[in-house]
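Heads up, what comes next is one protein chain in two forms, each shown on its own as structure tokens, labelled structure 1 and structure 2.
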Structure 1
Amino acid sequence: MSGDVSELTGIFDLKPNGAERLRKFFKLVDGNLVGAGQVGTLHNMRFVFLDNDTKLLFATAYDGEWDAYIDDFATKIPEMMDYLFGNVEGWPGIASPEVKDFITKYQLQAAAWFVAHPDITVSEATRLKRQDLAVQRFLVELN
């Protein structure tokens, strides 16, 4: 964790054809997981296939502790979570009591990482942009 921003990296074994299914899905959304914007704590997220499509590298930067909103995912966006990670071997399901342990088991510690603005959460960035818009409007109207 760097200030308010944290990182999570994991390498997971994919189920047979898991990479293929995920690729189709990513193609469908044009590689752009814009829906993840509604989560409100995710700065970024990436999915990379490794070792001939047998493994998935998942890396993300987000605000706060990684598990604070896992329970919300389990009731608000369970289909999305299980659709994405259901392609991973051993995925217990987002609503399973085992899910936090599962993620912890595959988590890889970052040896180093850098955040330019560790005190700016996604929510804070949204607020600052809103404020800037108001200031810009004010300046336009002033002149």
Structure 2
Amino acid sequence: MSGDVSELTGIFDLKPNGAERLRKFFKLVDGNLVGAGQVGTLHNMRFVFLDNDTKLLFATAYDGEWDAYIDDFATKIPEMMDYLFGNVEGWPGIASPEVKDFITKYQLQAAAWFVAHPDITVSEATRLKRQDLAVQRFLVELN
């Protein structure tokens, strides 16, 4: 954890043709998983294919504690998580009581990482953007 921001990185074994299915999906959404924004603590997440499309690297940064973050995925975007990770060998399903153990099994601890603004949460950044927009509109109206 760096300030309020945490990281999660995992490398998972893909099912046969899992990379192909995920590539088609990523192409369909133009690589933009905007629906993940429903998880209000999510800073970013990335999916990278490794080892000739046999493994999937998942890396993310988020606010707060690990357990609450995984719970957010389970309650806010369960269908997306099950579609994406349904291409991973052994995925128990995001609603499964075993899902946290499954993720932990494949999670890697970052040896080092950098957070430019470790004390600004996603909700704080959203608030600051709205505030800046309001100030900019006010200044335009003054002119």
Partner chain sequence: MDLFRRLRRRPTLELDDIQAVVLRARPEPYFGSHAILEIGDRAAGQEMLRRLAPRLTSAAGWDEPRPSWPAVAISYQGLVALGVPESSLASFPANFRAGMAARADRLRDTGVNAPKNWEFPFGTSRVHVAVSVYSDNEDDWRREVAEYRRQLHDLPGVNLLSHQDFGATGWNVFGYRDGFSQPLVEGSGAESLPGDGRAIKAGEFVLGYPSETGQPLGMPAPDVLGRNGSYVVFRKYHSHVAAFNKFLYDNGHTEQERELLAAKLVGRWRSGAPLALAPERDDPAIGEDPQRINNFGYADDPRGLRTPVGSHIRRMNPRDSKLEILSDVNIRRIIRRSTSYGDPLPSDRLRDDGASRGLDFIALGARAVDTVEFLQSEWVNSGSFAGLGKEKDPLISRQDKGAYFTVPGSPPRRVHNIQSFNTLLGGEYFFLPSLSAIRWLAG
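Keep in mind the model is a prediction, meaning the values are calculated, not measured. Throughout, rigid core stands for the largest set of C-alpha atoms superposing within 1.5 Å between the two forms. The first residue in the sequence of structure 1 is number 1, and each one after it adds one.
Q: Looking at both forms of the chain, which one is the form predicted together with its partner chain?
A: If we ask which form is the one predicted together with its partner chain, the answer is structure 1.
Q: If the rigid core is lined up, how many Å does the C-alpha atom of residue 137 shift between the two structures?
A: Displacement of the alpha carbon, after core fit: 2.5 Å.
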